[in-house]
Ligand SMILES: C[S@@+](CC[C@H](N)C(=O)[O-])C[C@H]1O[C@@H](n2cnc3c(N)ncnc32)[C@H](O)[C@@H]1O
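Let's start with one chain on its own, the form predicted alone, as C-alpha cells.
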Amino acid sequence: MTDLDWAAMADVLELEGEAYQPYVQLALAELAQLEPQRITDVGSGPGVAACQLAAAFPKAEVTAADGTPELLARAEQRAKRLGVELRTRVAEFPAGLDDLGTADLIWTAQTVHHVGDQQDALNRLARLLTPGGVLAVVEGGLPTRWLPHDLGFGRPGLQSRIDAAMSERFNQMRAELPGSVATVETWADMLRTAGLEGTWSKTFLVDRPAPLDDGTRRWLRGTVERYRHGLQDHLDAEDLATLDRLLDPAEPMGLDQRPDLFLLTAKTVHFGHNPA
C-alpha cells in the first residue's frame, strides 16, 4: 500500500463513505438474489460500506478487513451505533489476504489501485471466493463535481484543472508503488483473467443537489484541504489563491457558506462469479 496516514484521514474517509452511500445501495441491489453466509469488505476503512452490507444481508457474517486498526475501531463504533452485526479483522492488502478465509461475497472499493500489481491482487481476491461466490470491485467512474464551472472568482474551470493535477499525482503514485505493473485497466477482462465468470460492470450515480447537508459539506472541506496541501506544486498561484478563498471560513462564497455546493459523481462496480 502507499504510505498515506489512513488513521489521520479517518474523519474525511467516514464522511466520504456517507456521502457516497447511494451508489453502494444501488450496487447491492444488483446482488439482491444472493444469500451469502460470509461477506468480507476488503480495505473497509471506517466501515461505512461494511455496515451497509451487514444491513442488506442480515443473516450473513460480515467482516470488515483493513490494515489500519484505528479505522476498524471506527467501523466497530459505527456498527454498534447502527445496530448491525460486524466483525473486524486487521489485514494488510494484499499480503494479509490469505489469513482472511473464504467468503461468498467480497466487496473492495478503491483499494486495488493502491498495490503495484493489480492483476495479482485480483487473483488473490478471487481465490478467497467460495464456489459460486461473487467479487465486487469498485474502481473507475467519473470525476466528482461540486462547484459551478464559474464559481464567481478566480479562473473558471478550477475543477478540470484539479482533475488534471490529480491524474498526474495518481500516475506518479502508481509508478512509485513497489512492484508496479502497467496494466490495461479493462476490469471485466482482469476479473476473467483471475478465473471469474459472468463478469459485468455497472456505473451508479451519486447525485446530491444543492444545498448540501452538513456532513457532505464537511467532507468536501476536508477534501479541498487535501487538494490545497497536495497540489501546491501542481496548480498555479491563481488557482491556489482560489482554493484559499474557498477554504476561508469568513468568505461568503467559501465552502462553509455558499449555497450552491452539490455532489455529482458516478462510481463503477465490476462483478465476477467464481465458477461453481
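Throughout, we count residues from 1 along the sequence that is shown. None of the values given here were measured: they were computed from a predicted structure.
The discussion below concerns the form predicted in complex with the ligand, not included here.
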{"item": "The unique member of R192, R124, H114, R87 whose heavy atoms fall within 4.5 Å of the ligand in the predicted bound form", "value": "H114"}
{"item": "Candidate site T144, F204 and V269: all three near the ligand in the predicted bound form by heavy atom within 4.5 Å", "value": "no"}
{"item": "Contact flag, G67 vs the ligand in the predicted bound form, heavy atom cut 4.5 Å", "value": "yes"}
{"item": "Interface membership of L13, the ligand in the predicted bound form, 4.5 Å heavy atom rule", "value": "yes"}
{"item": "Interface membership of L71, the ligand in the predicted bound form, 4.5 Å heavy atom rule", "value": "yes"}
{"item": "Any non-hydrogen atom of G43 within 4.5 angstroms of the ligand in the predicted bound form", "value": "yes"}
{"item": "Stretch in contact in the predicted bound form with the ligand, which is absent here, among 88-96, 147-155, 179-187, 75-83 (heavy atoms within 4.5 Å)", "value": "88-96"}
